[in-house]
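Below you'll find only one chain, the form predicted alone, shown as structure tokens.
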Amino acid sequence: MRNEIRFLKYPGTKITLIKDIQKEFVNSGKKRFIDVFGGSGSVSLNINAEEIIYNDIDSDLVSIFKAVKLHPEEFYSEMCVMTDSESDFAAYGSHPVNWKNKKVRDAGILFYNFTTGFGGKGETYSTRERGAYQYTVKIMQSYSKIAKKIKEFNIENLDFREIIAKYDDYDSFFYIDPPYPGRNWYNFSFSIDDMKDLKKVLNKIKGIYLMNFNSEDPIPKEIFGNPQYTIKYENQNAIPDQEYRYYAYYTNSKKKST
């Protein structure tokens, strides 16, 4: 049975890929793991590494992780009040706990918004209120594990060009899961020009990188060429007639997975 840590609801979470990402990281022999497009934190929270850098350009996401890292007890108390009852949960968005620490209060509101609206994008991903409440209660049950792991993170709020430049050396492993181009799921969209810039950056990188895309997406293949390999995963999104999803992997490692 899998026991992955889950925290934030966010588009594109890669929980099902963790085992293969960890395998590539171990094979690389590197010590530092940089989650370039950290998003929900699902990868950073489930990777075993001596040093983990969680990064995202979205300051809203980063503020939640910083609140847990720096003020774990206060954030837990905020969530306890949030989940005291379903009615309290429903009202929380307009009546959060008035903590002296405004950053914790604001992070609680952001967590609530991500959970109930899947990244604040309710028009794209709707979440039933009861389901959001139950999800948050479940997160609370594993909060100690979440907080312990996030405490180990170095947390950055940088563009991908900046984070790679800052940490690029021969002891770094970069996990790269870019936002889907053309989608309105994110506060910071990713363009074709960004993809082309990413290719230029990766062509010069000193460390090892592992990058993945949905294999059905034609844009990555147009820009990066054929992937080094593709892996089939059981589809957990309950899409009819789509039992599996296929992910294409790109890497500059000489050791390829099979």
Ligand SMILES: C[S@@+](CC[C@H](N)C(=O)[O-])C[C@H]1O[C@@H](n2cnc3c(N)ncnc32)[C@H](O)[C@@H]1O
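These numbers were taken from a predicted model, which means no experiment stands behind them. A residue's number is simply how far along the shown sequence it sits, counting from 1.
Not on display, but discussed next: the form predicted together with the named molecule.
Residue in contact with the named molecule in the predicted bound form (any heavy atom within 4.5 Å), chosen from 233, 190, 224, 229: 190.
This chain lacks the partner; the member of 81, 137, 165, 158 within 4.5 angstroms of the named molecule in the predicted bound form by a non-hydrogen atom is 158. Residues of just one listed stretch (102-110, 169-177, 147-155, 69-77) have heavy atoms within 4.5 Å of the named molecule in the predicted bound form: 169-177. Residue contact check for residue 34: none of its heavy atoms lie within 4.5 Å of the named molecule in the predicted bound form. Contact check for residue 10: a heavy atom falls within 4.5 Å of the named molecule in the predicted bound form. At the 4.5 Å threshold, heavy atoms of residue 211 stay clear of the named molecule in the predicted bound form, well away from it. In the predicted bound form, at least one heavy atom of residue 58 sits within 4.5 Å of the named molecule. Heavy atoms closer than or equal to 4.5 Å to the named molecule in the predicted bound form belong, across 29-43, to the residues 36, 37, 38, 39, 40, 41, 42, 43, ordered by sequence position.
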